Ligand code: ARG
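Only one chain is shown below, in structure tokens, and it's the form predicted on its own.
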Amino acid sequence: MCEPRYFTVEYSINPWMDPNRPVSTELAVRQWTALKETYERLGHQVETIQPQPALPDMVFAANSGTVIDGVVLGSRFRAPQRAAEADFYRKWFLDKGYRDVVMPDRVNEAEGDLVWTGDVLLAGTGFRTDPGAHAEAQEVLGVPVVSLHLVDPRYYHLDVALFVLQNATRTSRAHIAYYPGAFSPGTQRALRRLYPNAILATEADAACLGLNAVSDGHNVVLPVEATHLAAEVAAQGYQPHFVDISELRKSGGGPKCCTMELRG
């Protein structure tokens, strides 16, 4: 995670961002701190990277790396305003002792568009990550990739349209939740075939970035407004935990955007 010490909205690279709307950096830091403390209360270890001036979106750590079995695929941002973030994260991985760190040739916004399910990597495209980055991810990470086409600009990354509740096991597929309206008709058919027991989120669930959630297989951390989705999650045996991300949402981010998962 990366503290939003320099958080602001100075430009617009997605439909959520309005530079004319007032932003409180202090409130963003408080909300981020509450999210971090929620993870720690649930027993998770949180690593942090030093925030950098002039990189207000560096708080969205999920966009800067995908880690599976200790192998790191870095990021290459589409928006020039975020490009410099990638190298700070690359250096962080090397400083922490990671040795298999590969920077992509194609535009690849990491866990924003690459969602690990435990057996396959669901890979989004349509607004940010290049389709060619999916093959590159498969080659670097050595896991099978399923491409998913996003069609609604509000849900410009896969991680604001879909999340994994429970990873796949040897005997069962992953359990996921997603908003069908974010995807092309063909992708919707593919998701129904792959995940017939998925939780289908509503427009209201998606509109508060409710699907930008983080699950450890039991606890699900999601925005406080996502009450309907939380009820669906609880009915399936998970424990929802609410956090307020209203200030961070002004830049199009929520719990998952703030959270890169270090696997192995």
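The first residue of the sequence shown is number 1, and the count goes up from there. This structure is a prediction, so every number in the text was calculated from the model and none was measured.
The form predicted in complex with the named molecule is left out here; the points below concern that form.
*Asks:* Looking at heavy atoms inside 4.5 Å, which stretch does the named molecule contact in the model of the complex, given the options 24-32, 222-230, 195-203, 56-64?
*Replies:* Going by heavy atoms within 4.5 Å, the stretch is 56-64.
*Asks:* Report the residue, out of F163, Y179, W116, Y156, that has at least one non-hydrogen atom within 4.5 angstroms of the named molecule in the model of the complex.
*Replies:* Checked against the cut-off, the match is Y156.
*Asks:* Please run the contact check for S246 against the named molecule in the model of the complex: heavy atoms, 4.5 angstroms, yes or no?
*Replies:* Flag for S246 set to no.
*Asks:* At the 4.5 Å heavy atom threshold, is G112 in contact with the named molecule in the model of the complex?
*Replies:* Yes, contact at 4.5 Å.
*Asks:* Is R82 close enough to touch the named molecule in the model of the complex, meaning at least one heavy atom pair within 4.5 Å?
*Replies:* Yes, R82 is a contact residue.
*Asks:* So, H134 and the named molecule: in the model of the complex, are they within 4.5 Å at any heavy atom pair?
*Replies:* H134 lies outside the contact set for the named molecule.
*Asks:* At a 4.5 angstroms cut-off on non-hydrogen atoms, which residues of 226-264 are near the named molecule in the model of the complex? List them in order.
*Replies:* Residues within 4.5 Å: S251, G252, G253, C257.
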